[in-house]
Structures are given as structure tokens and as C-alpha cells.
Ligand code: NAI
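Here we start with a single chain on its own, the form predicted alone, put down as C-alpha cells.
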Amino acid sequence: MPSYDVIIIGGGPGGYVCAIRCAQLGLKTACVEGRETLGGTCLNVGCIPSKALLHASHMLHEAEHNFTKMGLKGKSPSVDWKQMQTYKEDVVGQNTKGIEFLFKKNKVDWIKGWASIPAAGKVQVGDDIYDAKNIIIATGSEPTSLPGVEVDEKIVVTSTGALSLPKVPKKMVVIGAGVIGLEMGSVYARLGAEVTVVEFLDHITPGMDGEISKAFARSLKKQGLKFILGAAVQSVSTTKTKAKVSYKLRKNDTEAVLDADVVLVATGRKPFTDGLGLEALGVETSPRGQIRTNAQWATNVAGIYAIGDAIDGPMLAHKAEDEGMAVAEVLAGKAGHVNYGVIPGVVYTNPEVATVGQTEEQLKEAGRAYKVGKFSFMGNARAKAMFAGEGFVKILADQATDRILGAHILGPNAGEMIHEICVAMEFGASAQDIALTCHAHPTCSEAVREAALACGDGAIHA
């Protein structure tokens, strides 16, 4: 078998980006992936297919609610679920084939199969053993479930099963009010399902800025999603076509049951490292199964590194990509770096939610003196023209220096607009720096400038 400078285990966003960057830096590189296609969970059964369904269902919502207001008359479209699934698969196929092309272009070898690490410097795939100076574990994560809840990917599904249901259910119960649950719940709500979200905590989107979270919940309720908060799911029982979800309210131990055609378990994810042989190798892991690494993404075993969902930190594809590029730089003798304080997070509902940096709750807990600048999209001409005036931009800046500490956006194109603030934070900019930067009119991004102005003397259009 050929030997390599580096073998990456896992062809998801962290792994394939790392492999391409390693090859660009002159390292002989291979990537091991057991799926039939590259791209990992994200491209195959995660980020990309879910965004296709989110886009399609948003177009339906616009046709049903806003077209006539703009003078676009005619029947609202009906849902051809089979064709929508075909569209989703086409989007996935284009992206996964694109990565395969990039591997060939950059001379990255794709070793097809599931890998184990029998010893440092060795990667086994099937009966073949490959030598590698360095091994990078980028195996991603898998959905977690709850005690008393058995997933069959038919009636009780994870995000994977939720993407490919045979039909749109009449009633869906979502367990968990995090990003995945709310995105998929909003898809099916727009397509006509009655969606109820059961969440253990007393609020949705754990870890999100509280003010944004409350406004977000109000928006989703207006769209028809129902929420049962502060509820602990006890069990899920199923028949051939139905499910019953039993839960108990934490505040008074009241028990109740929900009927559903489909139950989506969206209670988080855990590192997927089964079969690698980490324990036999002596690779240190946390109690939650995350591989422990140092500042250079190296494990305690020489020559073995880990990135992405397999290690500590937010389980985000772009975080894995950043780490993949950084560890490639390290292996090539350069200075790899990831600024963990400036990793954005986005919820791709409608309206979108985007966030970066610290929340107001975190700043209060740290005793940090800060100021808040806010601007509503109701004051933004472009947003109102798009029937998207719901939500606001919120910028948090240091009270003394005006340096931006965090930003949170609920509104149209939030996932695109957050990057202006990410760049500003990367350069240590102040809110005034954004306020003094000319923004094109009319754009939704003007709301960011107005929020920055609100950190000073005040917004113009508020």
C-alpha cells in the first residue's frame, strides 16, 4: 500500500477541506470515507438537503401569503412531495460530485471504506493497511436520543429520517427546540403539518441571546408552531403508523400525552468515533466522548490529530472547516489559527437568526461593562418591501472602548449579514467603525449600520 504524509479519516466538511488544504501545501494526502459519496453528514443528510427543503417551503409560504399583495395572481402551488425530494437530491448530488472533482483536481486519494487505527502511523481500511506520518480524525458526529425513545427512522426519526419522509405528516412532534428541531419543524409546518415542539428547558435555542430567543419564539408561534417548554419526555410508544409522546412538566410534575404521525428526535449530537480503536491506542477522550486535543489539534498520541465535531466546541461545519485548514497549516510547518471567539452560528428558518460573539447574558455574568445598539427591520425600507420587517439587529460593544463584543440578528438574510460583523470583530473594530462605513441603499444590511449608530448617538431611522 502507498504511504502518505497525512491520512484524514472522514470526508465531511472538516475532513475534505483539510485534505484539499494539505494537498495544496504539498503534502501527499489521502482521505478515508465509507459513504458512497463525499461531504459527510452536512452535504448528504444535514446542512445542504435541509436548506433545499427550507428554501422550497419558504417559496410556498411566499406564494400563499405574499404573492397577491404584489399583484401576482393565480392559484397557490400545490406540494408535489416526490418532486421536492428529487430537487433536494439533485442539490445534494451536485455538491457531493463537486467535492469528488476537487479531490481529483488537487490529487487527493479517496480511500473508500471505514477506517481504524491499529497503531500510530497506521490506518487500516478493510484488509489494507496504509502508512501515514500524520493521521487526522475528522469523523464528525451522530444524533443522540433519549432514554425510553427508540429511533426507527420511520415513525420516530432523527434529522436524517426527517429529510426523507414518505409523505408530509399531519401531526409532527419535535423533541428539542434547538437549531435542527426548529429548522425541520418549520419546514413541515409550512408544508401543512401541525408541529408541536417539546423542550426540556423553559426557553428555545439554548445558549442564544435571551432577547433574540424570545422574539424568535414569538415569530415561530405566529407561523403556527406550538411549544411545550419545561417538559421532560418520558417515553415514545409507536404502532405501525402512529406514535404517542409522554411528557412531564418540570414545574408541577403534570403528565400528558401527544399524538403524532412522526416524532423528530432533535436532542443534540455526539462524536462518532466507533470502530477507530481509540481506547486501545490510549487516545484521551472526555466523559462526553470528545477527543482531547491541544492548541495544535494534536491528541496525546504522537502523530494523531482531531478536528470538528469529534473534539470540543460548537458542532458546526464551518468550525470544522476552519480547524481542517489550520491543522493542515500546522503539519506544513506554518502557523495554523482559529479564532473561536468569532465563529458565527445561523438558524435557517424564516426569519433567519444569526449570532456571533458573546450574548448579553454572558457579558452580565462576566461583569463586563457594555452598551447595546438595536435597530428594528421595520425601519428598513428593503426589508419592508420584501414583507420581512420582523426582527432586529442587536450589537453589543464595550462601554469604554466601543469594541464589538457580539452581535445577534433576527431577520431577513441574517446569515449573510452576520459576516460583516465577523470581519469587524476579527480586526478588533469598534461599533463606530461600522457606523462610519457607507452601506448601499436600499439593503437589509443598512440595519447593521443603524444598530452600530445606536451604540453611539443613535440610529437615524429609528
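All figures in this text were calculated on a predicted structure; none of them were measured in a lab. The numbering used is simple: start at 1 and walk along the sequence shown.
FYI, the form predicted together with the named molecule isn't displayed, but the following is about it.
*Asks:* Would G178, F200 and P206 all count as contacting the named molecule in the predicted bound form, using a 4.5 Å heavy atom cut-off?
*Replies:* Heavy-atom distance to the named molecule in the predicted bound form: all three under 4.5 Å.
*Asks:* Exactly one residue in G357, G121, G268, G336 has a non-hydrogen atom within 4.5 Å of the named molecule in the predicted bound form; which is it?
*Replies:* So the residue touching the named molecule in the predicted bound form, by this definition, is G268.
*Asks:* Of these, V168, V157, A326, L146, which has a heavy atom no more than 4.5 Å from the named molecule in the predicted bound form?
*Replies:* Filtering the options by heavy-atom distance leaves L146.
*Asks:* So which stretch, 91-99, 252-260, 74-82, 230-238, is the one near the named molecule in the predicted bound form (non-hydrogen atoms, 4.5 Å)?
*Replies:* Going through the listed ranges, the match is 230-238.
*Asks:* Indicate whether the named molecule has at least one heavy atom within 4.5 Å of a heavy atom of E352 in the predicted bound form.
*Replies:* No, no contact at 4.5 Å.
*Asks:* Would E211 show up as a contact with the named molecule in the predicted bound form if we use heavy atoms at 4.5 Å?
*Replies:* Taking the distances in the predicted bound form, the answer for E211 is no, it never comes within 4.5 Å of the named molecule.
*Asks:* Under a 4.5 Å heavy atom criterion, is V346 part of the interface with the named molecule in the predicted bound form?
*Replies:* Residue-level check for V346: yes, a contact with the named molecule.
*Asks:* Indicate whether E183 is a 4.5 Å heavy atom neighbour of the named molecule in the predicted bound form.
*Replies:* Yes, E183 is a contact residue.
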